[in-house]
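Here's a solo chain for you in structure tokens, the form predicted on its own.
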């Protein structure tokens, strides 16, 4: 049996084991970007000025309850424009490489996995890159769950998830289609992905879809980032995800 406070104690122990520079950066980040006040400010930001971060993960497998993060790719969309220079990519160092079948999916070889960036440092750098922005993904519950667990294991923190799911927003803003998968939506809008199962390439594709969502949302009257959050929440409550 695990007591309710067990995980809190475990997170505290993880934070205490971090190198002092990482602890200091994490504390600064929490004050600046991860607290409740920054979330309220973000919701109030006009949609035309808001910064979002399209995120994609490559993992050791498809199970959100136990699989680990191998690579993170992220691209910013700020002021309704894709910021090509505002991007992040990292391969997290693994204690053992993933299976051959898994490597064939994401093409991150065993040596590359074993020689990746120290996980705590990579995850902290990603959090600094994201800042207070909403993260955006397609079928975002997987990314949110896996990333959230990795942050607890490596940094000992629980951060606000602030994820928006394009699988909810796209059918809300473009109703009447039979689109279900990411590939369906890309074909619907005539978008050609620059790569698949590469974290940064998939994040770039997600960012392109986000631009379409932002344009449609503003045309329908959305004025702030909070309006987009509320639209996604309404779709989730109605069970209208495709």
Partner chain sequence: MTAPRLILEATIRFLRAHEPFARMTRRDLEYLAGHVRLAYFAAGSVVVDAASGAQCPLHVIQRGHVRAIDARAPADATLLGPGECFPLGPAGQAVASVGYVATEDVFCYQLEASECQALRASSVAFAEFCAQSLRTLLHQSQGQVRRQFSQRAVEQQTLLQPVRALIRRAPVSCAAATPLRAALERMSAEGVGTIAVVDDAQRPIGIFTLTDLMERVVLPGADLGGPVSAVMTPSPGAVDEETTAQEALAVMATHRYHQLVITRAGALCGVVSERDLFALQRVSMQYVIEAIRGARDVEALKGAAADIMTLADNLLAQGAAAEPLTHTIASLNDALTLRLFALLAADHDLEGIDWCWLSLGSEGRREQTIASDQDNALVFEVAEPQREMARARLLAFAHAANQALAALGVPLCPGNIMAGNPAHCLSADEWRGRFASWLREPAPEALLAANIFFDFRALAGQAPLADALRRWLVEVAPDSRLFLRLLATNALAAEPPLGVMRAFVTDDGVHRGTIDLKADGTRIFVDAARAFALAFGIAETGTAPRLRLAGRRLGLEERETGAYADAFHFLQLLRLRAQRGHVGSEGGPAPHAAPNRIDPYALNELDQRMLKEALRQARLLQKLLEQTLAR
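Fair warning: this is a prediction, and the values are worked out from it, not measured in the lab. Residue numbers count along the first chain shown, from 1.
Only in words, not in the display: the form predicted together with its partner chain, which the text now covers.
**Message:** To verify the annotation, which of these, 93, 80, 139, 158, has a non-hydrogen atom within 4.5 Å of its partner chain in the predicted bound form?
**Reply:** Selected option: 80.
**Message:** Please tell me which of 27, 194, 44, 37 lies within 4.5 Å of its partner chain in the predicted bound form, judged by heavy atoms.
**Reply:** None of the other options qualify; the answer is 194.
**Message:** Tell me which stretch of 27-35, 194-202, 55-63, 176-184 has a heavy atom within 4.5 angstroms of its partner chain in the predicted bound form.
**Reply:** In the other structure, the partner sits against 194-202.
**Item:** Any non-hydrogen atom of residue 117 within 4.5 angstroms of its partner chain in the predicted bound form
**Value:** No, residue 117 sits far enough from its partner chain in the predicted bound form that none of its heavy atoms falls within 4.5 Å.
**Prompt:** Looking at the partner-bound form in the predicted bound form, is residue 212 within 4.5 Å of its partner chain by any heavy atom?
**Reply:** So residue 212 counts as contacting its partner chain.
**Asked** Any chance residue 169 has a heavy atom within 4.5 Å of its partner chain in the predicted bound form?
**Response** No, residue 169 is distant from the partner.
**Message:** Under a 4.5 Å heavy atom criterion, is residue 219 part of the interface with its partner chain in the predicted bound form?
**Reply:** Heavy-atom contact with its partner chain at 4.5 Å: present for residue 219.
**Asked** Of 165-193, which residues get within 4.5 Å of its partner chain in the predicted bound form if you count heavy atoms?
**Response** The stretch touches the partner through 189, 190, 191.
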